[in-house]
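Shown below, as structure tokens, is a lone chain in the form predicted alone; questions about how it binds or moves come after it.
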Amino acid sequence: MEYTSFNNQLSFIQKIRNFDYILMTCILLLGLISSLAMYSTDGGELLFHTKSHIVKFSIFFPMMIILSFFSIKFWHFFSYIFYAIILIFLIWAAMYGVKASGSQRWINLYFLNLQPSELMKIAIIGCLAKYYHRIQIDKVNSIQGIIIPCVVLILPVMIVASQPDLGTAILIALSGLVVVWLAGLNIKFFAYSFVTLLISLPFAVAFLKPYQKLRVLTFINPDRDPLGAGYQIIQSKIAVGSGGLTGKGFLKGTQSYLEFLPEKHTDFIFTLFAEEYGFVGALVLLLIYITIIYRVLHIGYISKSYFAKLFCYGYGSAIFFYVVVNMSMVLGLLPIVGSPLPIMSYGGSSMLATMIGFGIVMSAKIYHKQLIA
């Protein structure tokens, strides 16, 4: 059994030396910045969101360190199992989950309302990375090599989209497609899929929920309903623009403090940050994310195992998508899809999934010389 090969070939000191301390520092910086931002959302008081965010980061960051000590072979072995468990959770959430704001996407674990779709962002990358680790490169474009990944990808995407959570479904699809592309699937299949998507768009609109159609129309013209559907994005643009070059200062964001900005602790946390710290602060935050993405991709580059390479490249690309989608959304460059900013946004499931992903990446760094049969 492969599980028996999970032996500790490295001493504890060697594992500590193999940590990517630049990546760890950037994650800690995001944790600190996000805690200060959350403190601002609570009006400069240590209230619920701030306390909860700090507690979750204080638990999940050490958890990430612990997970990184598990061999990369361990993550390879359990990737299918992890995917299957999260898929079952998704089905359970769709059938018996907690309902909120018209959506049914959470499972009540008493200490945490778990959103399985966030964990699927990680599970789909691990599952597909293991699948392509197993097959020969010349079989990637075979019928079997195409159908199996499609089924693995489409199942969770359809379940999440039906909850409904179209934004997360799209991000799960993008995370999986990156791994498929990196594994060597012929570009013509992506071209055919893209053309099919464009042709089917007019028909797909008919299946969108009323609020989803409204979001698309609001994205095209926010001023059509400035006090209703367009209010959020208009106020977000005002807040970002009013920050100027250096911002209004910590705890001095008027759009936030006067409650003009909705959802400022979750999807629109970047708006609050940009108002307080301006273009310079936003640029620093962006550089932290760029450094994180670079380090994740670098770990994939130096890893000996193909599974670790695919996971790191896939996860690095996923972080890029999350950041770009969130920032573009609050700036009015994309429709509002409910995409959290990694670590910065309030949300236990999102932070848990992000830290599990970083834990696997750090494991790939510690065991970067380890091969997987």
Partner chain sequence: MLGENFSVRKFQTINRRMFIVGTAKAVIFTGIIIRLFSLQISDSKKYLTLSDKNRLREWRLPPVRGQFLDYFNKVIAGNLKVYQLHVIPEQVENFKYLMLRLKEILNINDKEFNKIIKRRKQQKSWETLVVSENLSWEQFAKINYFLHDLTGAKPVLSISRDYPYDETYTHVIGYVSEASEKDLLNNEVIKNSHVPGLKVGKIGLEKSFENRLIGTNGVQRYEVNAYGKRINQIDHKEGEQGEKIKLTIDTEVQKLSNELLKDLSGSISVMDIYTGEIIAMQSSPSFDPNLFLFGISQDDWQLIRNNPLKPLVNKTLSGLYSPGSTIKPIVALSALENKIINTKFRVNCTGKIEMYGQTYHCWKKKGHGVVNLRDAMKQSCDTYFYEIARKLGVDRLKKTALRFGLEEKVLNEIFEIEKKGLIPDTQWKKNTLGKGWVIGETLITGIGQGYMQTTPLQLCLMTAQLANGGHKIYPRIVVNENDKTSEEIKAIMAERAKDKETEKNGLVEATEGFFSITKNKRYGTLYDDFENIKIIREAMFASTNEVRGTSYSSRIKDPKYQFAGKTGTSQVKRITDKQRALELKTLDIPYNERDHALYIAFGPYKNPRYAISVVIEHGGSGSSTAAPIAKKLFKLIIDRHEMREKIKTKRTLDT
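Numbering follows the first chain given and starts at 1. Predicted, not measured: the structure shown is a model, and the values here were computed from it.
What comes next is about the form predicted in complex with its partner chain, which does not appear here.
Could you spot which one of I54, L30, M327, V337 gets a heavy atom to within 4.5 Å of its partner chain in the predicted complex?
Checked against the cut-off, the match is M327.
Consider the chain as shown here, without its partner, and state which of L331, I59, I65, L47 has a heavy atom within 4.5 Å of its partner chain in the predicted complex.
Of L331, I59, I65, L47, the residue with a heavy atom within 4.5 Å of its partner chain in the predicted complex is L331.
Stretch in contact, per heavy atom within 4.5 angstroms of its partner chain in the predicted complex, of 166-174, 91-99, 233-241, 148-156:
Stretch with heavy atoms near the partner: 233-241.
Judged by heavy atoms and a 4.5 Å cut-off, are I135, I187 and V323 together in contact with its partner chain in the predicted complex?
Affirmative, all three are within 4.5 Å.
Under a 4.5 Å heavy atom criterion, is K248 part of the interface with its partner chain in the predicted complex?
Result yes; K248 sits at the interface with its partner chain in the predicted complex.
When the contact criterion is heavy atoms within 4.5 Å, does Y313 count as touching its partner chain in the predicted complex?
Yes - in the predicted complex, heavy atoms of Y313 and its partner chain come within 4.5 Å of each other.
Though only this chain appears here, would F270 touch its partner chain in the predicted complex if you measure heavy atom gaps against 4.5 Å?
F270 belongs to the contact set for its partner chain.
Classify A161 as contacting or not contacting its partner chain in the predicted complex by the rule of any non-hydrogen atom within 4.5 angstroms, answering yes or no.
It does not: once its partner chain is placed as it appears in the predicted complex, A161 has no heavy atom within 4.5 Å of it.
Given a 4.5 Å distance limit between heavy atoms, list every residue of 303-321 close to its partner chain in the predicted complex, or none if there are none.
Residues within 4.5 Å: K304, S305, Y306, K309, L310, Y313, G316, S317, F320.
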